[in-house]
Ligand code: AMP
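A lone chain, given as structure tokens: the form predicted on its own.
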């Protein structure tokens, strides 16, 4: 993930929960993509602080650093070396067809895209393949990038010999969580988020502003849960009550204000254990930094080994 600060529900649902679950079956590597952050913001003054805040959210959500190394991309220099090699294995026209970059340019109203932004899926391929990634847990908007990674791995292997696996994308059931405005996915740039660290009163206030079915204006009006943003949240956070909520919406018996309040309460309850763990790590910053530095040492060893194989395959040394 790019270190833009504290994480929101979209990060949790789209990827982070997947990461935590996969620790049971896989050796995980969790990368703080600080170089990737430069694609949309060249200001680095808050980059380290944002990295620490994001790492705290990871730990609060259940990432186990003893099992799964956590590290900053910028501290493992092999990322940029492998990125340079991979740049020679893909065309600009292929990158220009990437729908995720097109979507970012549209949503962020970027007039002139930089070379680094256009090519960031190539750096992402290096991030994945440097650790021989076989499964990449992502939101649905990142699936095209995993496909680019597969193509690059295939191209390298065919030309120089088998070094890299062709990784598969792994989606959660809720691969993309809509933002509170209902217009786009949850995103800090769109100001439509609920942060994982948010206090209960803030969550309730934000949920009051969430959009609902435009045809359901008052209590008694029949609603359409399938088009309602709040119902989408219920499907994730209010599982046992979902049939009852849907029936109440359709009949008109359930008012939107009550539905929103109920969703907020379920979200608050869901996040309560994370808020408690986050509070601990916020009070122990030295422990968080120690976790980060240990992860970087372990990642460095794996990256060095892979680049040794790359050099051998390419007869570079």
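Because the structure is a prediction, the values reported are computed rather than measured. Positions refer to the first chain, counted from 1.
Omitted from view is the form predicted in complex with this ligand, to which the following refers.
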query	finding
Triple contact flag 69, 77 and 298 to this ligand in the model of the complex, non-hydrogen atom at 4.5 angstroms	no
Residue 6, heavy atom within 4.5 angstroms of this ligand in the model of the complex	no
This ligand contact in the model of the complex: residue 142, any heavy atom under 4.5 Å	yes
In the model of the complex, residue 176 touching this ligand (heavy atom, 4.5 Å)	yes
Distance check, residue 138 to this ligand in the model of the complex, heavy atom within 4.5 Å	yes
One residue of 207, 196, 148, 186 in contact with this ligand, assessed in the model of the complex (non-hydrogen atom, 4.5 angstroms)	186
Interface stretch in the model of the complex with this ligand - options 177 to 185, 223 to 231, 106 to 114, 240 to 248, non-hydrogen atom within 4.5 Å	177 to 185
Any residue of 2 to 27 that, in the model of the complex, places a heavy atom within 4.5 Å of this ligand	2, 8, 10, 11, 14, 15
